[in-house]
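Below are two forms of the same protein chain, given as C-alpha cells: structure 1, then structure 2.
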Structure 1
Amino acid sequence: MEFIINLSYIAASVLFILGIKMLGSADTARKGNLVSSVGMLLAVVVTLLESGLDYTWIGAGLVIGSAIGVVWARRVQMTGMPELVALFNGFGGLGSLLVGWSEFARERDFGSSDYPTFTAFAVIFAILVGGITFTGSLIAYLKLSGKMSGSAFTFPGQKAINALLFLALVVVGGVFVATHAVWALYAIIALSLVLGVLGVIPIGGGDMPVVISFLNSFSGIAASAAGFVILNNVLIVAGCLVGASGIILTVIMCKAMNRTLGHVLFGSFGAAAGKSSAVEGEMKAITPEDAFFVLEAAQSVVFIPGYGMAVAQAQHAVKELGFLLEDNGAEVRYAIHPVAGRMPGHMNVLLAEADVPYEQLCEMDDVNAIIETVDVAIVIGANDVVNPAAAEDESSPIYGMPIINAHKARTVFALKRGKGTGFSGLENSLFFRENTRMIYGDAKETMTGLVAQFKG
C-alpha cells in the first residue's frame, strides 16, 4: 500500500506540473486547470487510503468545506475575485499553521533526543510562515473588499517594530528547536499572527496585486513546510510549485510596479513618498453619441481596461464593440498592464470570460511601441497604469513605474463614473490632456450605448 501511495503521489506531481505548463496558454488553460484538479483529486484519494485515519472527522470536514466552497463560488462576482483569492491564500496559511500545531500536540515527547531536530524546525517554519500568511491575507481581503481603508496605515517606528518582531521570532524559534518548550511554540504563533497584520497594513491599495502574489507564494512555502512536518511527498511538491511560481510572479509584478523584491519583503513600500504636483487644466467631457462619430472614422483602436471595467461588468459590451469596430474596418487591440485590476491577471480573466480573442491581447511594451499611430485609446476605469505622472512628475509616488502611454494616442476616451481619483488616491493628469475626452457614467451603459450607435 505504501508503494502504491508513493507511486500515486508521483503521478499527481506530474499532473500538477503539466497543468501549470498548460496554464501558460489561453488555448490550453482550461484543460490545464482540469489536469491539475485531477492530480489533486488523486492525491487526496490515495491519502485517504492511509491506515489509522478517523473518517468521521474527515467526512465532516469534506461535507462542510465542500458546502462552503460551492455556495461561495456560485455567489462571488468577478469584482470580488481579488479579495477571494487573498482569503484563500490566508486559509492555506492557516491550514499549514494548524498542521504544525497538531503535530506538536500529537508528539508530546519533544524533549527526547530521538525526535528529529529537522522536524521540529519544520514545525516552527510551517507555523511562522502560515501565521504571517493568514493574518496578512485577512488584511489584504479587508482592504480589497472595502471593509477597511485601502490607504497605507503607518505610525512612527513601524519598521523598527516589525524588525524586532521578526528578530524575536527567530530567537524564540531557535529556543523551541533546542528545547521543544511549549511556551515557545505558542509565542511563535502569537508573534507570527501579529507580524502578518503589521506587515500588510502599511501597504496601500494600489500595491495589492504585488501583495496577493507574494502571499500566494508564502502559502505555498507554508504548505511545503507542513509536508515536511507530516512527511507527505505530494504536499512538499505542491507547496514548492506554488511557492516558486508565486515568487516568479511577484518579481514580474514588482518590475511592473517599478519596485524591488526587497521593498516587498521588508514592507517598505505602499506609503506615498511625497505629494504629486498639482494638475492644471480641466477635464473635457464628451457624450457617447459624439464619441461614436470619432470611433466610426478610426482605423486603429486600443482598449485599456482597469478595475472600473470589472466593477461595471462591461467586458461583454467591450468585446461586442470591438467586434463592430473590426467589422467597420478598424484594427482592434486590448492593452493589458501587468497590474491592471486588483490581482495578477485580473483583466485577462475578464476578457477571456467575454471570449475576446487571445491574439488581440497585447502586453504593455508591445502597445507602447505603436501607441502614437493609434487613432483612439479607450481607457475603461483604469487610473495609475495610464498616469503620465509616472514618467513626467518626479514628485509623484508612482514616478518611474512603467505605464501604458495612452496619452500619446491621437485621441483618448476615458470612461469614469465621476471626477474622483483612483484606488491609490492619485490624480491622473491624462484626464486633463488636450487629446483626452471624458465619458462619464457606468462603463457598461456607455459601451452598450456605443454598440447601439454602431448598430444604427
Structure 2
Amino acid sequence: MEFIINLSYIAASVLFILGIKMLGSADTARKGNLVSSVGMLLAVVVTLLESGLDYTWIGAGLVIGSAIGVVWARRVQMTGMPELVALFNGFGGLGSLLVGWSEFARERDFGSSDYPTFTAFAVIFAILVGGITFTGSLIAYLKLSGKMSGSAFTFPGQKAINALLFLALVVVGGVFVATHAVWALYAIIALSLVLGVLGVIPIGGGDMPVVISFLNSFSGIAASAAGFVILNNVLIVAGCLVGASGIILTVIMCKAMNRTLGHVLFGSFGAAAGKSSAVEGEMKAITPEDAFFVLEAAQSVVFIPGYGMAVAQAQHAVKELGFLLEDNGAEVRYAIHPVAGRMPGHMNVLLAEADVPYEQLCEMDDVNAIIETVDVAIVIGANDVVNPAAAEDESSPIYGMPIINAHKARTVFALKRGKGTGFSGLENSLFFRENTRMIYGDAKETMTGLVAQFKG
C-alpha cells in the first residue's frame, strides 16, 4: 500500500509541474490549472488509503472546507480578487502551522524519547513560516480590502523590536530543539504570529502586490517544512515548487518597479513619501461634453487603467467606449503597466472580464514606443504608474520605476475621483501638465456619460 501511495505522489508531483508550466502561457493556462487540480485530487485520494485514519472527521473537514471554498470563490467580485487570494494564502499558512504542531503533539503522546533533532527543526520551521504567512496575509487582506488603512504604519524603534523578536525566536527555538519543552513551542507560535503582523504593517503604498507574492512563496515553504516534519515527499515537492516560483515572481515584480526586495520589505515606502519636490502648475478640469469632442476627432486612443477603474467597476463602460471609438475610426489600445492595480495582471483580468479583445491589451514597452503618435491617452484611476516624477525627479521615492509615458501623448485625460493623492500618497505631476485635462467624478459615470454622447 505504501508503495502505491508513494507512486501516486510522484504522479501528482508531475501533474503539479506540468500544471505550473502550462499556467505560464495564455493558450494553455486554463488547462494547466485543471491538470494541477487533478494532481491535488490524486494526492488527497491516495492519502485516504493510509491505515488508522478517522474517516468521520476527515469527511467532515473536507466537506466544510470545500463548502466554504466554493461559496467564497463563486461570490467574490473580480475587483476583490487580490484580497481573497491573500486570505486563502493565509489559511494555507495556518494549515501548515497546525500540521507541524499536531505532529509534535502526537509524538509527545507516544512519549518517544528519541525525538530526532531534525524533526524538531522542521517543526519550528513549519510553525515559524506558517505563522508569519498567516498573520502577514491577514494584514495584507485587511489593507487591500480597505478594512485597515493602506498606508505604511511605523513607530519608533520598530526595527529594533523586530530584531529583538527574531533574537528571542532563535533562543526559544534552540531551547525547543534541546528540550522539546511545550512552553517553547507555544512561545514560537506566539512569536511567529506577532512577527507576521509587525513585518507587514510597515509596508504600504504600491508595494502590496509584491508582499502578497512574497507571502505566497512563504506558504509554499511552510508546506514544504510540514512535509519534512511528517516525511512526506509530495508536500516537500509541491511546497517547494510554490516557494521557488513565488520568489521568482516576486523578483520579477520588484524589477518592474525598479526596486529590490530588501528595499520593499524594510524600506517603508509610504514613510518616505512627501519629501519629494513640490509640483508646480495647476490642474485644469474639463467637462465630459468637451472631452467628447476631442475624442470624436481622435485617430488613436490609449486607455491606461489603474486601481481606480477596479474600484469604480468601470471596466464594462470602458470597453463600450473603446468599441464606439473603434467604430468612429480610431485605433484603440489598452496600456497595461506590469504593476497597475494591486496585483500584476489585475487590469488584464478585469478587462478580459469585460470582453475587451485580447489583442488590444498592450504591454508598457510596446505602448511607450508609439505614445508620441497617440492623440488621446485616457488615464482611468491610475496614478503612480503614469507619474513622470519616476523619470524626472531624482528626489521622488519612485524615481527609476518604469512608467507608461502618458505625458508624451498629445492630450491626456485623467479620470479621478477628487484632487487627493494616490495609494502611495505621492503628488502626481502628470495632472499639472499643459496637455493634461482632469475629468473629476466617478470613473464609471464619466465613461457611461461619454458612451451616451457617442450614441446620441
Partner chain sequence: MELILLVFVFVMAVFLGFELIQKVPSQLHTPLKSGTNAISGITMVGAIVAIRTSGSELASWLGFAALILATINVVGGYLVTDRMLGMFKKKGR
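In this text, all values refer to a predicted model and were calculated from it rather than measured experimentally. Under this definition, the rigid core comprises the largest set of C-alpha atoms superposing within 1.5 Å between the forms. Every residue number counts along structure 1's sequence, beginning with 1.
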Quiz prompt | Form predicted together with the partner chain - which displayed structure it is | solution = 2
Exercise. Given a two-part rigid split of the chain between structures 1 and 2, flag whether residue 25 and residue 243 are grouped together.
Key: yes
Practice problem: Could you check how many degrees the smaller rigid part rotates against the larger between structures 1 and 2? | Solution: 12
Self-check item: Distance moved by the residue 358 C-alpha between structures 1 and 2 (core-aligned, Å)
Solution: 4.8
Quiz item: In Å, how large is the CA movement of residue 434 between structures 1 and 2 relative to the superposed rigid core?
Solution: 2.7
